[in-house]
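Next up: a single chain in structure tokens, the form predicted on its own.
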């Protein structure tokens, strides 16, 4: 074990050396466990990997690091080499910080509370979510918890919940900073924004001009240690790409991985809450005390009544709304849309109303956006469910999925889709959320017609 030097410092140095490339979760596992003295065979056993695969990952890593540091690096000399590098880095950093050190906040400054809500939504009409808020409150009081991710289907209320919860606990923090990643800036811009906000509302003056990412990140982490800061990042999905088999950082945003990892693994007194339509699986490595995942579903029945301003009577419209609510998994954004358009539908049949609702541009845009956040395996599963006339068992569903897919990946994908409320599990069978099923069937028909017309034109 190498406790004298924090392994996160090693990862930070490697991140900088190999930029713009970045470490994937498996590479990080190999490096961490080599640092802890484990053999490849022990790593493979502990993480359920094939031993030869781990050896290949390791071999490629040493080649990458050797090229990045212009030194021959292998499994045997990795630890002493990095220890020497980090020691030199710490010496240089000490010298640099003497020139640009962030002054500690005075008692007067610490007693001030500053909130920067920017474009956070209003929560005046917020209803329900008592259980979820209780869970978030419990996690926020855990001294080891650094990062909470609220994930779920588009429109399920992630942003509103995170904002409402932040408002409830803002008095426990010196700073509350809400930031949207709708158009994510380079990490160095985000850090400058954070440091500028903090320095403007304290007696600390932070020199930011011409400072590199590494130093800015170091100064920001120092702020998280000196003050209790609540950060809310809305829309974490905008820095991710959903590839065929995994989730990765978009090109140009790989440095966010270093940012998140630093917040998660460094000892400080602050908290980051992020919302995301994607559950970033590369962060599941830290799941437990440091990172918590809340997968948000729709509203409860009574909260749905309040949300839709229903009056607990037996009117036809109210019954229709509640029936549709169940069909739509009580998704707040979908409920708002149907509430605004329901008077235009005279049909009594719920399925027919859903057929008509799926044609609305607001809903089709929402469903198409939801599809963009799904992996190829996720899409394959829901497309099979969309063309099935009956709910399917896991065994039946798995037969339709490509045989090259590992069973474990298939089960993880199904479980993820259930948690997102796209798939409904009843007893031992699975079916697709009705409005998504209707939308996908229509989409398949359009694609078939387009393909047929294309063939006709060529002939």
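Between two forms, the rigid core is defined as the largest C-alpha subset superposing within 1.5 Å. Residue numbers count along the first chain shown, from 1. Note that the coordinates shown come from a computational prediction; the quantities given were computed from them, not determined experimentally.
FYI, the form predicted together with a small molecule isn't displayed, but the following is about it.
A heavy atom within 4.5 Å of the small molecule in the model of the complex is found for exactly one of 159, 262, 193, 386: 159. Proximity to the small molecule in the model of the complex, defined as a heavy atom within 4.5 Å, holds among 228, 129, 320, 85 only for 129.
Of the heavy atoms in residue 336, some are within 4.5 Å of the small molecule in the model of the complex. In the model of the complex, the small molecule lies farther than 4.5 Å from every heavy atom of residue 136. Shown alone here, residue 307 lies within 4.5 Å of the small molecule in the model of the complex, counting heavy atoms only.
Contact annotation: residue 332 falls within 4.5 Å of the small molecule in the model of the complex, judged by heavy atom distances. Of the candidate stretches 150-158, 262-270, 216-224, 170-178, only 150-158 has residues with heavy atoms within 4.5 Å of the small molecule in the model of the complex. With the core superposed, residue 423 shows a C-alpha displacement below 2 Å between the shown form and the other one.
Core-superposed comparison between the shown form and the other one: the CA of residue 396 stays below a 2 Å shift. With a cut-off of 2 Å and the rigid core superposed, residue 412 has a Cα displacement that falls short of the cut-off between the shown form and the other one.
An increase of at least 3 Å in the separation of the C-alpha atoms of residue 393 and residue 48 is found in the model of the complex, compared with the displayed form.
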